[in-house]
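Structure 1 and structure 2 below are two forms of the same protein chain, each written out on its own as structure tokens.
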Structure 1
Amino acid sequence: MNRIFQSEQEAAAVLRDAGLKATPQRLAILRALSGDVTHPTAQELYERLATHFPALSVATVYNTLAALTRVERCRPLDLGGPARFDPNVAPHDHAVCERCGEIRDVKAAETRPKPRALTGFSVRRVEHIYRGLCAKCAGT
């Protein structure tokens, strides 16, 4: 489970431990992303932060997300459309609603197929995407 960084100190430590300078923009981005369950896009994060951080640039958001990814503090999701970012780096899967676009975390299925040898291909990680309708959109 990923948690929100309560204090700047805590967030700053995370960045420094990863060998990244703890700039105010990075702190803001890290704190905004961590604990966010909605899998925001870079643009969404930017808009959310720009209000309280007028000088922030989109480029910085992209840069920071790339840095955080390198450092295993988040993970990009390619589900079609702009990349989304998941602060939960523990292995898990995703359910995507085909109507409203909601992306929900799914516990890694126990039935998760063993990364079998695919005749020559050495599997590093398996990714599962469940596509369908969320409760709301299924209208249950």
Structure 2
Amino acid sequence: MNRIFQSEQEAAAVLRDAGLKATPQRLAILRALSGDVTHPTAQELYERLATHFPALSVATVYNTLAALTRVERCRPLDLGGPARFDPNVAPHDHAVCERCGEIRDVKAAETRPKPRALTGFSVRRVEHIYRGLCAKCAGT
């Protein structure tokens, strides 16, 4: 679920559950990601936080995002180009504007057929990506 942490202690508990120390840099990464509907890349998160945390490294951002993915507090999106990270782990789809790159969460279609079982393969999730133009780029 996409949520904003109400307290530093709540965010620190998520990091501890992921097996990470609750350093100021990691707390900042988690808090910057939580509630962010832009689906940022690791580089974008790094650039947002680097001025406030000069000791922050891109590796710390990637490692923190990997740990948060493992404990299902975010999920990476492969939309072409660098991975983007979504703090909303509830089932949903995405709409991507082909002109400006905006990414929007879309409620998953409830009438979508269930994926068929594949021999030797266990389906963990199904993702749908809708590509087109956002209202701003379409001029509507």
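All of these numbers come straight from a predicted model, not from anything done at the bench. What we label the rigid core is the largest C-alpha set whose atoms superpose within 1.5 Å from one form to the other. Numbers given to residues start at 1 and step along the sequence of structure 1.
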Name the structure that is the form predicted alone; the other one isn't.
2
Take the rigid core as the frame of reference and indicate whether the C-alpha of residue 20 shifts by 2 Å or more between the two structures.
yes
Having superposed the rigid core, state how many Å the Cα of residue 124 shifts between the two structures.
3.0
